[in-house]
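Listed next as structure tokens is one chain, alone, in the form predicted alone.
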Amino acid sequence: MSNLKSIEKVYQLARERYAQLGVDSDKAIEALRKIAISLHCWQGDDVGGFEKSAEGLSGGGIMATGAYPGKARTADELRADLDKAMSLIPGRHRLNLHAMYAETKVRADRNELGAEHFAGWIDWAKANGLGMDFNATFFAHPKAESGFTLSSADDRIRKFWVEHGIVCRHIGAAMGKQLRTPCVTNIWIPDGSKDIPVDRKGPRERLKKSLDEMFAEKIDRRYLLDSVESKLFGIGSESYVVGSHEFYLGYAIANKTLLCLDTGHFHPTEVVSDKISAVMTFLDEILLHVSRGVRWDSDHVVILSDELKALAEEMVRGGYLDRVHIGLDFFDASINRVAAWVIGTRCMIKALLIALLEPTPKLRVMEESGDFTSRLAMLEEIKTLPFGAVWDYYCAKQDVPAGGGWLKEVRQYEAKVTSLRE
């Protein structure tokens, strides 16, 4: 109790400091409380999934590195780990699930999956008051070994993956209907070439045909939101990726799907924060997959970097919070997996809080009047405002540890649960 009183006392001082700039920190906290981050299931088991026939990952540069002990081996273990992570993260969030995490008593291939194979996940989400998002899995499968799925020149291969995409849309719709919140169902494929191709046109025409077939059935947007995701390159597709940013941007605009911007899927000199207002000029909604690429799409744990803060600033400044769906997409097997979830998600929320505490109206007036000197001066001064005091107060009010206190709970969980896994 004494710690809470101390946090509240420091918060009141911070509240007064922000009020001097016209910022209502109470309103910022209330706005933050309403934002849901979609935690990705695959951080908990290194993108392993539960398919008995899958023999590791293949295609598209997907690679979890490290061998930290205690990864989840079953759906129940993975859900328990997610429970622990979410108990240490302020706010109420969502689960982002991949098709390869189906629970099947009798083996079902990916074009045979149905909502019944995800009943355990749906029941868990319902019991915890969580929404769900979903992803088709176009990798780690014998029919993906050629490097081409939806753009394959082999009609049998292409048909199989189209069918997989169709059943995944039905599964996503079932999740959305049962949980009473739209399920963002995302499509990413690893299709591409290691060396320079002669025919760039053919695969893209086949990809468009496949997507048109997959999305032909209109599904109520109250239950399902379709999304398509691009990539610059991957291991095995260094020279050519069929589903490029330009391809999917055009497709999303023409077909009114969401566009997924993955922060690890662009050139290191590109910043996704700059793309948000550009694509939102033409799209109703987008999906963010927040990752941290180091030299390549290496899916490092998200940290409170300048670019993460810039992403949040663009969402807040542009008034896009109700049009952007925020998901995480990293997988680090070199550190405690539950801690990775907590670190990454808390950093995403911190970035949003910093943006919500910005005196944007004042800055906008300076900019519109041409007073760039004052704009720069204020942007630099607000960097040292007592954001940390507001963050600690928000955590305390959400009944999660403030500061680094959450790590002690992760260590206790590791000692009692994950360290006992073989």
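So that there is no doubt, residue numbering starts at 1 and follows the sequence shown. Computed from a prediction, not measured in an experiment: that's the story for all the values here.
FYI, the form predicted together with ligand RNT isn't displayed, but the following is about it.
> Can you tell me which of 120 to 128, 326 to 334, 69 to 77, 203 to 211 lies within 4.5 Å of ligand RNT in the predicted complex, counting heavy atoms only?
Flagged stretch: 326 to 334.
> Just one of E314, D226, D297, D81 has a heavy atom within 4.5 Å of ligand RNT in the predicted complex. Which one?
Exactly one listed residue reaches within 4.5 Å, namely D297.
> With ligand RNT left out of view, which of L32, I354, L39, I62 would have a heavy atom within 4.5 Å of it in the predicted complex?
The residue in contact is I62.
> Although ligand RNT is absent from this view, report whether V47 comes within 4.5 Å of it in the predicted complex, heavy atoms only.
The answer is yes: V47 has a heavy atom within 4.5 Å of ligand RNT.
> Is K231 close to ligand RNT in the predicted complex, meaning a heavy atom pair under 4.5 Å apart or at it?
Yes, K231 lies within 4.5 Å of ligand RNT in the predicted complex.
> Taking ligand RNT as it sits in the predicted complex, is K159 in contact with it (heavy atom to heavy atom, 4.5 Å or less)?
Judged by the heavy-atom cut-off of 4.5 Å, K159 is well away from ligand RNT in the predicted complex.
> Using the partner position in the predicted complex, report whether D262 sits within 4.5 Å of ligand RNT, counting heavy atoms only.
Taking the distances in the predicted complex, the answer for D262 is yes, it comes within 4.5 Å of ligand RNT.
> Would ligand RNT in the predicted complex be within 4.5 angstroms of a non-hydrogen atom of every residue among H93, R346 and Y393?
Not one of the three qualifies.
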